[in-house]
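Quick heads-up: it's one chain on its own, the form predicted on its own, in structure tokens.
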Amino acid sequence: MVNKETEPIFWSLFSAGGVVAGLFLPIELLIFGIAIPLEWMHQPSYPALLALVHSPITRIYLFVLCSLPLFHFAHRFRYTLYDGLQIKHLNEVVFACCYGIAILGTVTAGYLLLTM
């Protein structure tokens, strides 16, 4: 499973997930978690949000917003388990569990966005 050829792929997903989590998630939290509830911004209607979600660009954005931070978490959690708990002998199990959860979340996000 884990070898020298595939490791750069997971490091790049980790990096991209960190960028997405650091740049775009705070914007989403600010808009939908603070600005709209405090009425700093006009609350969009449900039909307007639904029309926005039906746009292919918005679906790609939401897919990236959901999937890449999952891979960032999986990679960070994997190395936290290796370094913090010293369980490098369970390399294959930890790898499968961490990235399996990220892949499952990505597939679920893709499915939900396609069937919306």
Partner chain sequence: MSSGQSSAPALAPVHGENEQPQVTYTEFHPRWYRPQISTYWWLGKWPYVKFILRELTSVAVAWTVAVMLMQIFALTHSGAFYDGFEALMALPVMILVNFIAFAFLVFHSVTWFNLAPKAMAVRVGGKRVHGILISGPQYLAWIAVSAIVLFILATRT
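Positions refer to the first chain, counted from 1. We call the rigid core whatever largest set of C-alpha positions still superposes within 1.5 Å between the two forms. If you're wondering where the values come from, they're calculated on a predicted model, not measured in any experiment.
The discussion below concerns the form predicted in complex with its partner chain, not included here.
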Query - its partner chain contact in the predicted bound form: H42, any heavy atom under 4.5 Å - result: yes
Query raised in the report: Quick one: is C97 in contact with its partner chain in the predicted bound form, heavy atoms, 4.5 Å cut-off?
Result: no
Query raised in the report: Would I9 count as touching its partner chain in the predicted bound form under a 4.5 Å heavy atom rule?
Result: no
Requested in this report: Answer for V19 alone: is it within 4.5 Å of its partner chain in the predicted bound form, judged on heavy atom distances?
Outcome: yes
Query - Neighbours of its partner chain in the predicted bound form among 17-56 [non-hydrogen atom within 4.5 angstroms] - result: G18, V19, A21, G22, L23, F24, L25, P26, I27, E28, L29, L30, I31, F32, G33, I34, P37, L38, W40, M41, H42, Q43, P44, S45, Y46, A48, L49, L50, L52, V53
Query raised in the report: Superposing on the rigid core, is the CA of I87 displaced by 2 Å or more between this form and the one not shown?
Result: no
Requested in this report: Take the rigid core as the frame of reference and indicate whether the C-alpha of A35 shifts by 2 Å or more between this form and the one not shown.
Outcome: yes
